[in-house]
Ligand code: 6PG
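Below, in structure tokens: the form predicted on its own, a single chain.
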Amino acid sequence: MALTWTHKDRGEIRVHENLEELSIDLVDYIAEISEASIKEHGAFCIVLSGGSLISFMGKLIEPPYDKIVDWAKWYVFWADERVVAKSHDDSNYKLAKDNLLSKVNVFPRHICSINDTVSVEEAATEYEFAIRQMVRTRTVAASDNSDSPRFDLILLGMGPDGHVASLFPNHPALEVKDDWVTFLTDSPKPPPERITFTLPVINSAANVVVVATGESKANAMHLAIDDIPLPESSLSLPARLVHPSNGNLIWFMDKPAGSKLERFKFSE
């Protein structure tokens, strides 16, 4: 059973016994937010990331979720994308398509992915334009207190360095405020060319989930959640900057990733 508590500033923390429990809890949460969003405004606008996150969502294609989720009302976006061909193994789109989207009844026209035939700068511009059009037509809600879209749920992974989406420590992309989507040509992780949502977009979501597993994430998780001064500037740990202005923040992790959290160590 997960150890769960709420931090006064950093949202709800869920430390799971194992990856199976984490996956079940995550999928339950996604299905719950999907149902609530569709009841409220007729659609569910979900933002995916790459990496192991997609594998944790795998139970969505199994009973009972495959039958109770209203896939026709889903609109799918990506928090970041590697600017490679959609058939390339580095593509977040390919990862999600192969392991999730091709196995459920999400309408292809509801899947908002990048143009993989243009430059990284053009891909970012076109992606932002497409989302702005969807906000204009009210397919995606607009934030009440910022010039940003208000996605129903943004799902983020976190790296050992504390990066989320393609927002890396001390990178200029962290300071972009006026654009919804920005681009990198010098990603610290390959491939170097990427597009990413900016922090104002992430922090305007109704719900943000950060998923991290494994002992290699433990120190970054500690720095992102616990009440400690950061060793350098706040830009040194992007996960610490995830702070929805008018939404919910939930951290899903396994025991190794949560092993350095002060509350978890105290509970052991």
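Note that residue numbering follows the sequence shown and begins at 1. Just so it is clear, the structure is predicted and the values come from calculations on it, not from any experiment.
From this point on, the text means the form predicted in complex with this ligand, which you will not see here.
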query: Using a 4.5 Å cut on heavy atoms, which of Lys189, His88, Arg136, Lys103 is close to this ligand in the predicted complex?
result: Lys189
field: Candidate from Ala123, Ile131, Met158, Ala79 lying within 4.5 Å of this ligand in the predicted complex - any heavy atom
entry: Met158
message: Check for me whether this ligand, as it appears in the predicted complex, comes within 4.5 angstroms of all of Gly51, Asn92 and Lys217 - heavy atoms only.
response: yes
task: Select, from the options 65-73, 221-229, 29-37, 43-51, the stretch whose residues sit within 4.5 angstroms of this ligand in the predicted complex by heavy atom distance.
output: 43-51
- prompt: Would Leu184 count as a contact of this ligand in the predicted complex, using a 4.5 angstroms cut-off between non-hydrogen atoms?
  reply: no
query: Ala165: heavy atom within 4.5 Å of this ligand in the predicted complex?
result: yes
